[in-house]
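Next up: a single chain in structure tokens, the form predicted on its own.
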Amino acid sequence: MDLSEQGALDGLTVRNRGVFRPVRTRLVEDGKPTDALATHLAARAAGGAGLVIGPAGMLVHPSASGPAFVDAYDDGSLPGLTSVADAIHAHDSHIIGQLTHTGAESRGDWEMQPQLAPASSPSDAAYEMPKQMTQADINSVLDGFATAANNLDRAGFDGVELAAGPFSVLRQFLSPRYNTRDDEYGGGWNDRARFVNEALSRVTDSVDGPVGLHLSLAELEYGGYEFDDIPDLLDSVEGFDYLSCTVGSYATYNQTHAGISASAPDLLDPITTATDLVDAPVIGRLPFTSVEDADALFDAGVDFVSFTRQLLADAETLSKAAASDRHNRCIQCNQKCLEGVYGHAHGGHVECVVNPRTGRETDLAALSAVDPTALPQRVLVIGGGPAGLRFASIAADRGHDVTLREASDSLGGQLGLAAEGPLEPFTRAAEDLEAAVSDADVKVELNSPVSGDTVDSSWDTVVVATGATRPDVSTYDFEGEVVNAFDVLEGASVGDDVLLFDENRWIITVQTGLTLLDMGSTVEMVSSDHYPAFRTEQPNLPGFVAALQAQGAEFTGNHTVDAVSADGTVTLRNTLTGETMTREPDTVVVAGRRHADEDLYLELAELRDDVYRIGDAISPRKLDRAYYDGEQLARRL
């Protein structure tokens, strides 16, 4: 079986076996889909996905609410839903809408109401005690499933999928952790599955297309059902036309979407168990499903392969794979796909570090559709880090004659140092950026430092991408000697007992701490936040904290380093109470902040008008800004 082969779901013929599965976007306004949401989903259909499932988080009842959800039960959502369906169909793809009720895994303060759930068993991801659903509540929610499904049918959707994964009251009814009822909806598997089966039946009666079930094969929660329960789980559920496999609950999404901080659960064996038991098509995925994973999933018995974050990283992944063309890969960072939605960062909607168009599809055309430049120029790019590489490849693809000069003997800039330990997946970013520059025939000159007097007037445009300098630990004015965290990452020696002062507040502190622990040092991590690296993305932070604590790191939160004396004694001050205490470590390591390497730009800006700076040369920020700055300048030049 191959991704490009035609497939079928209960009579629905799909042009290939690549699926874009639901992902929360927050491209929603007042409970209704926006044009941005339709364009976002359509970009994945245009990029080769034969089937789109979504939008994610379409609610079936007003007792579940929130700003990230589509109110599919509301007739007022029909125009937006119709636009979504039409946008997908315009690319010869199909769309199946996914319906859910969040149950105990949300909160009621958006509508000032209690949350309905199988029982008064709160989720570890929420702070509210839910209300146990009465029979009247159950009947009303079942009516809501039928109404919402009918609305999707009226809007032109090709089928309906019921969510029994994270954020789902259906999974909660199946769960011994959440469902402690003693009536006909609680107890053994068949009773706990009763509500799910009734919902499937009501939806099947309401639509003409296939009705699927998106099911967590294990909750990964203490007291929840486990992979070993798959036979009983699948034996109890009936009435679905296809099964879509996922894992976990909202409380365990730091495991299921582990990214760079922890190893996600292996789904291949559980999916194989499911395909052996289910007499219906199965849609399968692995953590961060890549094109290379498809063969293993087909061997496990799935009929379709679902992708999420890979199609955020490159919406054209499937069409490029079919043509044997290179595509940009997901780097598992969680910095924008999850943090933008769940952490409400970066504008509060889905985006992607390595693909600035994601979440901005209404504003930015696909790079494959961007017009060639009307005025080709000779362009000099100074610096071969992420910003310079991203700019250079796109500018050259648009027809500019681009030369890139890098002072060192390799490309990638600080990605080379960053892409180690937990950030090893960032290696993909460096490789893909360099491959894009090669594909675009950019002239690359390594070991070529540039000064202001060597940039002559033959260049039409100069782009400065010199990045940022390393933190200067001498600025702390400590009497005693301290070691730069960047030097530790490059192998600097330290003592047996290390105090790591977190002034960076992000992942470099974690990298440094893990490196020190691997070197055999005992480590105390001091931070003015509650935890070290506290500004790390919330999907990643729990895994990093667990990894550090598992190796014995001690955390001293809400403290700062006031002084390091000449004999190495460290004075700590509690930032909340003002009280002080001392430590006597063998070595003090400081994870500080970088500064823009802007001198060359400022020098050139005095000499010429056609000079720009991008990325960290403007201000040191995360990797997404380097991609964004480089791409935006290349698009408009």
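For clarity, every value in this text was computed on a predicted model and none was experimentally measured. From 1 onward, residues are counted along the sequence shown.
This protein has a second form, the form predicted together with a small molecule, left out of what is shown; the following refers to that one.
Decide if the three candidate residues 12, 94 and 304 all line the small molecule in the predicted bound form, where lining means a heavy atom within 4.5 Å.
Verified in the predicted bound form; spot residues all out of contact, no.
How about residue 101: is it within 4.5 Å of the small molecule in the predicted bound form, going by heavy atoms?
No.
Counting only non-hydrogen atoms and a 4.5 angstroms cut-off, does residue 57 reach the small molecule in the predicted bound form?
Within the cut-off, so yes.
Just to confirm, residue 463 within 4.5 Å of the small molecule in the predicted bound form by heavy atoms?
Judged by the heavy-atom cut-off of 4.5 Å, residue 463 is well away from the small molecule in the predicted bound form.
Is residue 18 near the small molecule? Define near as a heavy atom within 4.5 Å, in the predicted bound form.
No, no contact at 4.5 Å.
Taking 4.5 angstroms as the heavy atom distance cut-off, pick the stretch from 148 to 156, 481 to 489, 454 to 462, 288 to 296 that is near the small molecule in the predicted bound form.
Going by heavy atoms within 4.5 Å, the stretch is 288 to 296.
Let me know the one among 342, 531, 185, 225 whose heavy atoms come within 4.5 Å of the small molecule in the predicted bound form, would you?
It is 342.
Could you check which residue among 521, 504, 308, 121 gets a heavy atom within 4.5 Å of the small molecule in the predicted bound form?
Selected option: 308.
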